[in-house]
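Shown below, as structure tokens, is a lone chain in the form predicted on its own; questions about how it binds or moves come after it.
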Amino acid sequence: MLLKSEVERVEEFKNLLGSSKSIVITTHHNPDGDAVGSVLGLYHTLKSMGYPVIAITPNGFPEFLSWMPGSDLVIRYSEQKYNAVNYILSADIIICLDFNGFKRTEEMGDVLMQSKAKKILIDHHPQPESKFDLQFSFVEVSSTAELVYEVLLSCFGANVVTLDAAICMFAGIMTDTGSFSYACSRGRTFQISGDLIAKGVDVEKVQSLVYNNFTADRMRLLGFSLNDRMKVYPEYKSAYISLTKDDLKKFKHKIGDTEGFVNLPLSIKGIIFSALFVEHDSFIKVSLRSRGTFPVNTVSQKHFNGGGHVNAAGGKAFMSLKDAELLFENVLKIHSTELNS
């Protein structure tokens, strides 16, 4: 058990839960499968135990994640701002999942900082901010969903995890490991996944709901991205995909449609560094991935106002799409030796 030496922190967490009349669970902006799975997994478990919990996300999440049990109960800050602000400001504790700094929640971060609630972090990203009152931060776990399970196990035992919670946490682990293809070399990840399956999770159904639940327009956007918008630099073992606002409009883009695109160039033989640039009104969204030891989190921090894991990071570029592409090409030259070592 990961937290067997964290007795004091576990007890403090239990005491905070027990003394709270209002508990908010939240996550980062543009929540992915791990974020949604973590939020709903913890929500279902605590709700079933009688705790007064509310789930809030900074904005909506992709349609291919909206099947998760309880997703309709989540308050979207971007759509229900008045209610979300009231819940956050009146909360006794706020449990922050799958992000290591309040800026990751975008506009909602200011409200979180204003709240007098105790802030509890459960996350697997490196270098968390010191603004949290209690932290469960472990970078070695596959996902925040895995860590949420460990926290619940340490606090209350495995029996408190409901089937709905198990489904959500399994989906979180599955999506953050690319269906168990990366970031899952610890045997404990598979032990926990097995425990969740034993609760009744239908693995084939979850896989299908996540990976076989896209629109025809999204599939066409995927083909267009690979055929028309991907550039490969074999001399740097790198590649990137770049999409304009017009590209997104042409294929009727919805939130989540480009999820996973950044990983695709890594399937090319010899490619170890991949990027995805997506044009927005006032910035370029940047996603970075790598195989091996090339640190994309360092690249993101230094050049793209972001951060993340060694092999998975993201950020923003406040420039034109063309300038972001040129910056990336310059980054490749700077790191040529590392990329070819």
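We number the residues from 1 along the sequence you see. Just so it is clear, the model here is predicted, and its values are computed rather than measured.
Another form exists, predicted in complex with ligand 5GP; not displayed. Remarks below refer to it.
Trainee: Give a yes or no on whether each residue among Arg104, Ser287 and Ala313 has a heavy atom within 4.5 Å of ligand 5GP in the predicted bound form.
Mentor: Yes, each of Arg104, Ser287 and Ala313 comes within 4.5 Å of ligand 5GP in the predicted bound form.
Trainee: Of the listed stretches (53 to 61, 38 to 46, 66 to 74, 302 to 310), which one has a non-hydrogen atom within 4.5 Å of ligand 5GP in the predicted bound form?
Mentor: So the stretch in question is 302 to 310.
Trainee: Can you tell me whether His253 touches ligand 5GP? I mean in the predicted bound form, with a 4.5 angstroms heavy atom cut-off.
Mentor: Judged by the heavy-atom cut-off of 4.5 Å, His253 is well away from ligand 5GP in the predicted bound form.
Trainee: Contact with ligand 5GP in the predicted bound form for Lys237, defined as at least one heavy atom pair within 4.5 Å: yes or no?
Mentor: Lys237: no contact with ligand 5GP in the predicted bound form.
Trainee: Please run the contact check for His125 against ligand 5GP in the predicted bound form: heavy atoms, 4.5 angstroms, yes or no?
Mentor: Looking in the predicted bound form, residue contacts with ligand 5GP include His125, since a heavy atom lies within 4.5 Å.
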